[in-house]
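Next up is one chain by itself, shown in structure tokens, the form predicted on its own.
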């Protein structure tokens, strides 16, 4: 009996011990799950802050260029000097003729000094040249301007022979590697080549745009990619991204990078790169089943139209503008032989040089498409200038036939598209983003392109007999992400894009079965040493610092919004009203109530003293910039726009604008802004900000002009 009692006690003790252990395990598991959930919530909030600020900046960029387009449409020059200035600032940058461009960017006239120790290039390029470049860039060496201009010249010549949509087959290589945005992060490209191997006859690559901007080595990435493109033209394919656009480069750093690295020949290099960008293909098609585009699609995306667009017309997609209906009517009349040289209102005969076409014979009616097609083919050389004007082709294009122009001439029986239709096709594939909801709507967050839902994806895939789409354009935490029932794949190759540890980079490999295989990486060594908590904390700190800068930049507007809720002028509002007011000013779509603990000190009665809160924000920014608070607010809010405006005016990218250019710019602005400035007033402004009296204005002096005008209002 005693023995049985002892066994029973031991059993109960063991059972109790196991039960306690089980309860402890459950508690630990619950604690860990809550801990991980909190970390995930912090990560998502941080991610949303970064993306909201990034997209708001892109929206500002498009708004700025819409503003300039508005000025272009409504400003009437009062003199030939003003007309020349407008032309030089907005138009002439795109109107180099072929011979002029070759002469302007003449690399043969540049000599390479004996003291030069960097890499040397000779054409045609060989694999050894590529490896030498990679080694040189690892050691921070720079390619001589002569070799760079020569490389750009050869790249441009090659790209002009390519179609708008590159066709790639897995039959010729074991697999095809697709890379997303690199954004000037050369270490990511080095790591991709280290892990996956260099391009070769058996190793094909597709680089899906956004090679430049934001990172500090955009130019080196371009040089490496263009070099491999020329060595392996059948294995290396480059798509255009929304950052392969010189107007975007003015804001996001690439223009500045080139001018800093090539102070003497930077202007020529930028001009050539600008021309190369507009010749980049728009898409890549693998085995006729997988479409690779940078941004996305819309409900009007038409691959047949995309194949036939003369892509080089769109030097900057941000500059796409509607053609006036009256001009279109004139063109239709010309096609049907109805218009004549008319006299102007003053009774003077119009200049025949402005006639739309030097017509050798009467054109057949457009209704008879076969006869019209034959007529154009017979007289194509005599009519080439008229054709250019008809479809708004820039005079910078060569007289030789390119792939896209041949397509256009051989398909004259197809419907005619307006420039606006073509521009929208390109805008949509470069700027659009997928959404989980059905339908297609304007992308108001970025300011360009559209949001497309799974139904739009399904229709495009079915229409063109495709399996799925690969796109880039959006940073993803894991470097890639599927959506729309795995029919849309986003691939992003710039790791640590927002901050060290913020995201992985990735590339995807496709074999003959077209099943995607992903490789993820972190290019920064520090990211590997951080724990998940440390990584999230570091990224979170960076995100909230950027958000506080954004809040400080809108101090004046925030005060007005807070006062609307503070009817008794107590200087205090509820935290709920604080969140509503902040969103009404910043329009970032952020969960302000959730972010409040990181931005506002806790209060016992649930009320916020908003003036002291704004003072704290100002103190934080002033500790970094020793400038008076009011001026600092204006600079924080407008600096990116002002710097972009400055670079648009600074056509030679010298970092200086002349007094005359400044004068003409202010006349342009004052006609459409609430700023009354006479010629004498502008001259006085120039004299007051030209501190060193050299007759030129640098960026800091330019900022001073906006501050003075702001104070006078």
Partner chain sequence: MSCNSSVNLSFSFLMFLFADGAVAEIEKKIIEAFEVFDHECNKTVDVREIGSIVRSLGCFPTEAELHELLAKVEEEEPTGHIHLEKFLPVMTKVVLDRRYRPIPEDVLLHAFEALDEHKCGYITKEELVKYLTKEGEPFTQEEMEDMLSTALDPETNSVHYRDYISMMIVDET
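Residue numbers count along the first chain shown, from 1. Since this is a predicted model, take the numbers as computed values, not measurements.
The form predicted in complex with the partner chain exists for this protein as well; it is not shown, and the discussion that follows is about that form.
Peer 1: Taking 4.5 Å between heavy atoms as the contact cutoff, choose which of 437, 202, 161, 570 touches the partner chain in the model of the complex.
Peer 2: Result of the distance check: 437.
Peer 1: In the model of the complex, which of 587-595, 139-147, 426-434, 102-110 comes within 4.5 Å of the partner chain (heavy atoms)?
Peer 2: After filtering at 4.5 Å, what remains is 587-595.
Peer 1: My question is simply whether residue 465 lines the interface with the partner chain in the model of the complex - judged by any non-hydrogen atom within 4.5 Å.
Peer 2: Looking in the model of the complex, residue contacts with the partner chain do not include residue 465, since no heavy atom lies within 4.5 Å.
Peer 1: Can you tell me whether residue 11 touches the partner chain? I mean in the model of the complex, with a 4.5 angstroms heavy atom cut-off.
Peer 2: Although the partner chain is absent here, residue 11 would stay clear of it in the model of the complex, with no heavy atoms inside 4.5 Å.
Peer 1: Taking the shortest heavy atom distance, is residue 53 within 4.5 Å of the partner chain in the model of the complex?
Peer 2: Residue 53: no, not in contact with the partner chain in the model of the complex.
Peer 1: Although the partner isn't part of this model, could you tell me whether residue 576 comes within 4.5 Å of the partner chain in the model of the complex, counting any heavy atom of the residue?
Peer 2: Residue 576: yes, in contact with the partner chain in the model of the complex.
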